[in-house]
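Here's a solo chain for you in structure tokens, the form predicted on its own.
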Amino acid sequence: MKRRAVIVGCGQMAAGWVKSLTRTGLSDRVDICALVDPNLDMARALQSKFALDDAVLSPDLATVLTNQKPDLVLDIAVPAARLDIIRVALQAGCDVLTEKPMAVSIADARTINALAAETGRTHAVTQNRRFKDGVRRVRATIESGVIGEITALHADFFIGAHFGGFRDVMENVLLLDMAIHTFDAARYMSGEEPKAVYCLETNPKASWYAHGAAATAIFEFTNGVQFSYRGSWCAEGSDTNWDAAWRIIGTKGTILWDGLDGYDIHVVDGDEGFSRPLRSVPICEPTDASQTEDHTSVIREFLDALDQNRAPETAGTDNIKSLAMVFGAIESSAKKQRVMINP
């Protein structure tokens, strides 16, 4: 089934979405029928770049929904507009795939999930970094049982990122704009869910951000699993990968992953000695290679879920748990105390 889609928000991030929709085998499943943006010059630029000559341009989503009657709304607009866009789209009978963050508050996220349930439509979030080869390989290795039961995950994220623009002045910049990728990966790879967090958020000396460029957080997950996060967007001199550097500890061994294609896995191979002898094991192949293509895989999985009448992997009802980790960490730092996580 080929679905008609409206893209809302035609800024820089929209180009990556359209590239996936038009150049990766998805063009036979989705027809972009309209581009919506308050700034029509941006919509025209996107239309021209990808030769979307048949797409209607408009500053108003409601008008497009009435006139074009699309099946899908792809929401790539600024987070502040998220709830209104999703509300209008769901109530018009459209399924919605939205950029992250899912919402600007847990209250809004709960409203979105309630709207999807009330309208009987599907809503999902583009949590694209869980659709990476490394994340899928680590999960497959954990699921194989080779390192035993997971007891802890530790992630380091250190990037000296000079963006300029809105990030330089926003509050909680690291936690709100980036940390959810690492938090979501921890949930996905471990198969556990967050229960509580203690976080210290700072803005280090020489930071070029207005607020919250660094954070250290300890999360309590289900089944006694601990997840620790150390991150900074103003740490220059030795960058990690954007997918962080990981140490994942199990009852039988440890996975080290550099966030790229460097894996070092050792398991216990004996029961004598002060330090037990170890054996190296390889990383597992991903269960499904089609799920390792970043944005393309997110969109494909969303469409597959619609075709199969099931919930997408990154449905709002799941993604709210990763979002709750973000807002829990922010609340913990503000209160300087441990905070329970209630998505």
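In case it trips you up, residue 1 is the first one in the sequence shown, and so on. Being a predicted model, the structure only gives us computed values, none of them experimental.
Keep in mind the form predicted together with a small molecule is missing from the figure; the text below concerns it.
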- Query: According to a 4.5 angstroms non-hydrogen atom cut-off, is G11 in contact with the small molecule in the model of the complex?
  - Reply: yes
- Query: According to a 4.5 angstroms non-hydrogen atom cut-off, is E99 in contact with the small molecule in the model of the complex?
  - Reply: yes
- Would A117 count as a contact of the small molecule in the model of the complex, using a 4.5 angstroms cut-off between non-hydrogen atoms? no
- Message: Check H295 for me: does it contact the small molecule in the model of the complex (non-hydrogen atoms, 4.5 angstroms)?
- Response: yes
- Taking 4.5 Å between heavy atoms as the contact cutoff, choose which of L65, V30, M42, V56 touches the small molecule in the model of the complex. M42
- Note on the structure: Assert contact residue (the small molecule, in the model of the complex, non-hydrogen atom within 4.5 Å, options A140, A196, A152, A81) equals A81
- Message: If contact means a heavy atom within 4.5 Å, which one of 212-220, 166-174, 266-274, 187-195 is the stretch that engages the small molecule in the model of the complex?
- Response: 166-174
- Task: Decide if the three candidate residues V6, G93 and N113 all line the small molecule in the model of the complex, where lining means a heavy atom within 4.5 Å.
- Result: no
